[in-house]
Structure formats: structure tokens, C-alpha cells
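Just one chain follows, in the form predicted on its own, and it is written as C-alpha cells.
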């Protein structure tokens, strides 16, 4: 235990140097001793559940990296609360350091990147089902859904979520054998095995695992021999209740030039998709990334985050890359974080069409207000006012609905357009119109006409 006490003190000294004083004092100053070391996990006691959650979300990967600079075998920190520690002490009077499996890191290469955790995966409507399913698979590997098949376009977080499963399982049992492999690596490994006649070595790598994570399975297309080998591995792991997780850019039923008996097995378990995040979800992703990139989460104003999220709509990687570019640009040249400077920073990444579209959309907000006001024979001032008569309230709700439908604005942004109304009022208004669309044909016809007038393409 003394070995780990000394390591923790060294890590605390590094944290005190590298972190802001208030950040260090809030999160780490009061964590003084190691509680126990079991199964290659080093347990620290956080002052409360709030601090525990913050450390796990923002600092745990950094701590684990620092820890393994001082150890030969692989260890990981686990954070518990005082209450959890008390429960542990009630079950046993003392704990001993378990003898770790020697040279575990070299014995089994996982291929995982430990930055991919459930804590830093931003959940929204577009990925909630996939996230929940992955959590259940990680908690009950080989039981809940096997295989778990995750599909969606490039850059939406499939690889992140897949690796969350592996990292979570390892965090709870470091002796589990987890292998992450890209499909092109699998194909290359098989080609080398065929050339060198080392099939036993190849089979052991992919079959002697508890969890197999295979990324971008669509690249098996046309690779007949590799498909046959993967089929054999899949069958063996499935029969042994070993968890399989697969990602692809399309549903299994739409995979091209892959044998049907293989694609049908991909559908045995659970298929979940990840879709493009909406504007509010993209802003949440940017805020989470900002937390990871800087100690000051308020460094960049919300209007800049909204600007970035409005431009980069389809790809989370590009979204995060744009944020990093704005951060670097303004910090390196000591510029203020303004929309103008953000546009300058991103001008080589964004084509002129996207930028002009963004500018046009901003100017068109007023156009929506004018069209709706005119349609219902009221003034724009009445539309934006706080008047509660029905002749004003309903058109106001319609305008809010149209702004959300056409421009995917945040509820907060729509509230600002309507003279600072609370976002809860906006949500209620939009829900009211959504209900009307389902129950009132006359209102539905009016709103559909207005949507076209305001710029929606007629269907």
C-alpha cells in the first residue's frame, strides 16, 4: 500500500502544479490516502458524489495515464465516495493488494483508446438508444445483446461508443481480454497469416478474447476468404457467450457483397443507429469538448458555439476540429472570441456556400416574423410583444414553430428573438403547434402554407 500512497502523493504534486489553484483545491486537495488496491484498481475516496462525478468525467483518463508512468503493471484509478467506502469497511476489516497478472499490458494488446469513455460521450436524441444499449452491453457482456450492431454515417461517434464498451469492461475487470480492431486490420492480419501459414496465431488473436470490437465491417465487402474466417470467429465467440460489437456505415441488411449467412448473424442481437445530432445536441458536444480543452468553460461565448454548430452539421469530428481551430487562432494571436474572429479562423474550412447560407438564415429570421404577422393580420410588434390575447398568442406560437422547423434554432435562441422569453415558454409553444398539426386540419393547412412561404421546399 505504501507504494501507491507515494505514487498518489507524486501525482497530487503534479496536479497542483498543472491545475488552477481553485480547481486543484476543489477536486484533489482533500483526497489524501489510498483506500485500497484490488484487481489492479487503485481506489480513491472523493469528498462527495458531485466531486466523484466531476473527476470521472474530466480527469480520470489523465489520472490513469499519470498512474501508469509509475507502475510496471497496468493499474487504473477508481473513485468512490465516503459512503461507499464505509459500506466496504462494513463487509471486511482490511484489504490486501492483489497480485496483478504479470505483464498484462504486453500480454494482451487491446487496441483501445482510453479517452473514449461513457462519461465524455455526449448523449442526445440522435444517439440515446445506441448509448443506452451500449451501456447495458458493457454492464452485461454476452447477455443483453450479442452481437450489438451500431450503424450510422461517418464521424457521428460509432467508434467512440464501441470503445466505451471495452473501456468500461476493463475498468471493472482489468483481467478481461478485450480486442478492438478495424476491419481493414482484420483483413491485413488474415492476409499475412495466409502468406506465412500462421493461422493458429491469427485465430488465437481473435478467438482468445472475452470482448471483440470490430469497426467498419462494411469493408469486408468482396473479401470472400476474410468473410469466411470472420464467420468462423463469430460462431465460436457467440457459442461461448463472448460479447461481439460491430460498427458499420449502414444497416446489416444493406451491406454490399457480404455473404448473407454473415449479415443475418449481425441481426441476431440488437441493431441501433446513430443519426446526425440536432443543433442543441451539437452545442452540447462543443461545450463538453470545451471543458476538455480548457480550464475555463466560459472562454468562448455561446453565440460562437452556436455559429460553429450551425456551420458543421453533419460530422462530429469536423465540429470538434472547428472548435479547436477557433481556440488556437484566438489564443495564439491574443484575439477576442468574437463571431468575426471565428469566421476568420474557419474561413479555409468552410466553403462560401455554407457561410452565405448561415448569414442568409440569420437575416431570414425577421422575414419569418414578417410573413407570419402579415398572414394573421397583426403587426410584427404585436407578434413579439407579451400580449396574451389569442389573436396574438397563436401566431406567436406558429412563428416559434417555423423558426425551429426551418432553422433548427435552440429554444434559447428563439426566446431571444422574442424579446428574451424563457426557453420553457418556447418549448410549450412549439409542442402546442405540434399537437395542433395532428388534430386540426385547418391549422395544419395554414402552417404548411406558411412553411412554404418562409422557405421550406414544397413536397
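Residue numbers count along the first chain shown, from 1. All figures in this text were calculated on a predicted structure; none of them were measured in a lab.
Not on display, but discussed next: the form predicted together with a small molecule.
None of 231-239, 155-163, 259-267, 67-75 except one has non-hydrogen atoms within 4.5 angstroms of the small molecule in the predicted bound form; the exception is 155-163. A heavy atom within 4.5 Å of the small molecule in the predicted bound form is found for exactly one of 317, 291, 205, 325: 317. Among the residues 116, 168, 312, 190, the one placing a heavy atom within 4.5 Å of the small molecule in the predicted bound form is 116.
Contact between residue 122 and the small molecule in the predicted bound form is found at the 4.5 Å heavy atom cutoff. Not displayed here, the small molecule is kept clear of residue 243 by more than 4.5 Å at the level of heavy atoms in the predicted bound form. Proximity of residue 212 to the small molecule in the predicted bound form: non-hydrogen atoms within 4.5 Å are absent; the residue sits far from the partner. The closest heavy atom approach of residue 285 to the small molecule in the predicted bound form falls within 4.5 Å.
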